[in-house]
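Take a look at this single chain in structure tokens; it is the form predicted on its own.
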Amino acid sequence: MKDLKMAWRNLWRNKRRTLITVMSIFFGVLLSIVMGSMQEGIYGSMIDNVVKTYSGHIQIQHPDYEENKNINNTIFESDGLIDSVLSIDHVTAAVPRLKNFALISSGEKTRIGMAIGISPAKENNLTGLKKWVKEGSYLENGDRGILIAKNLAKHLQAEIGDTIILISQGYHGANPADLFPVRGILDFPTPELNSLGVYMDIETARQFFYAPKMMTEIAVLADDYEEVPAIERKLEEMFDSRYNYLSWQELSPELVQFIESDKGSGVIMKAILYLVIGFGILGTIMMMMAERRREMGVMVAVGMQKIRLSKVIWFETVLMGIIAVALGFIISIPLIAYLTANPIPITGEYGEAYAQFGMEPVIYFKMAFSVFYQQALIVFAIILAISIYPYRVVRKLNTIEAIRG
């Protein structure tokens, strides 16, 4: 305890030296937290872009639908089902859809595509579908018209006001065929969606497919992708095995793959950052030890044991580390909170490239507690490793050379 008190007093005998050391560690902590928060924010933005374009964070389906995408494998929109899903904590939207493949024809042109029945207002709240209508108008509730994806419209040579023929297989073997006017043309940021098919009001789709009150899926949106496992557990508690629950990871495996590979490169970048931080702190400690060489030699000469002196110096290093890490932790909280509320816009050519892929040209940050404690712990571990250096310097100190030095 005496050694700890002595170490604390020694820190403030030379405030300038202590301040330099503390600040070098502080900036390392701050930089690593900002980098970690930005990485998590970018991942969150990418996930949001995917789930809010089409899939949702979770899809509730018939147990057999994923293996056999047949309209007979549907779920019944019973009273209160969607309200029950919406009552779960962190669920912000639950949107019904009825999907089935169909032959889509205009004149002599025909192509197979997906006919998707949606609730126009709810779908727009989830995916912002309305903003992708580049020509014509969006659907209204009960609308008999359709929205058609751009590439499909181009292939069929269909324009606003033209009539499209849909032929499909309906519920329990029905053979629906009908005419639908084109209300709008959709221009999505991805080629896959631009060739997907047509959208129609869900009640119109139910009439067409002879599937009253049926849905092939409920797309669920959470307020944070990290809440998805908890929501899935709650769904299983509420509905047992009546339905199948697919998370965004299962619905978008290519995105998961990209994030995992990016995390791999991120580990390398962070390793480089920690090396820079470590050598920066080590350089400061080495400078401090060089300045105090004569002081330590005198203390040993007047009777202080080397082992006790080395403990005092070790305590000094660790105390400076604790102060710097705590300071970095405290300062980073309002900084990350501000950056989370005010993300950094990307302008110029890079911003245009982001927009072309349907992504907001913005660098996002995330206020995640794990980012703070992980980075702080890693930097503190680096300090503990570096603190071995001054300890060994004191143990190997040549008293006479130190006093002369």
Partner chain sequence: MAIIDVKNVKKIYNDSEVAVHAVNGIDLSFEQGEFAAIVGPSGSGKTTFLNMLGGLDNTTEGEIVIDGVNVSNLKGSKLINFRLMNIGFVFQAYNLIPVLTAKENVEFIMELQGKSKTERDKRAKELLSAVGLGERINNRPNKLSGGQQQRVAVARALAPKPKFILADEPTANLDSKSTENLLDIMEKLNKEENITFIFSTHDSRVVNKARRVITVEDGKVISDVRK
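Values in this document were obtained by computation on a predicted structure and should not be read as measured data. Positions refer to the first chain, counted from 1.
Separately, the form predicted in complex with its partner chain exists; it is not shown, and the next lines address it.
- Only one of 320-328, 296-304, 169-177, 132-140 lies within 4.5 Å of its partner chain in the predicted complex by heavy atoms, and it is 296-304.
- Taking the partner from elsewhere, residue 308 is found to have a heavy atom lying within 4.5 Å of its partner chain in the predicted complex.
- Within this chain, residue 4 is remote from the site of its partner chain in the predicted complex, having no heavy atom within 4.5 Å.
- A residue is said to contact a partner when one of its heavy atoms sits within 4.5 Å of a partner heavy atom; residue 9 meets this definition for its partner chain in the predicted complex.
- The closest non-hydrogen atom of residue 13 lies within 4.5 Å of its partner chain in the predicted complex.
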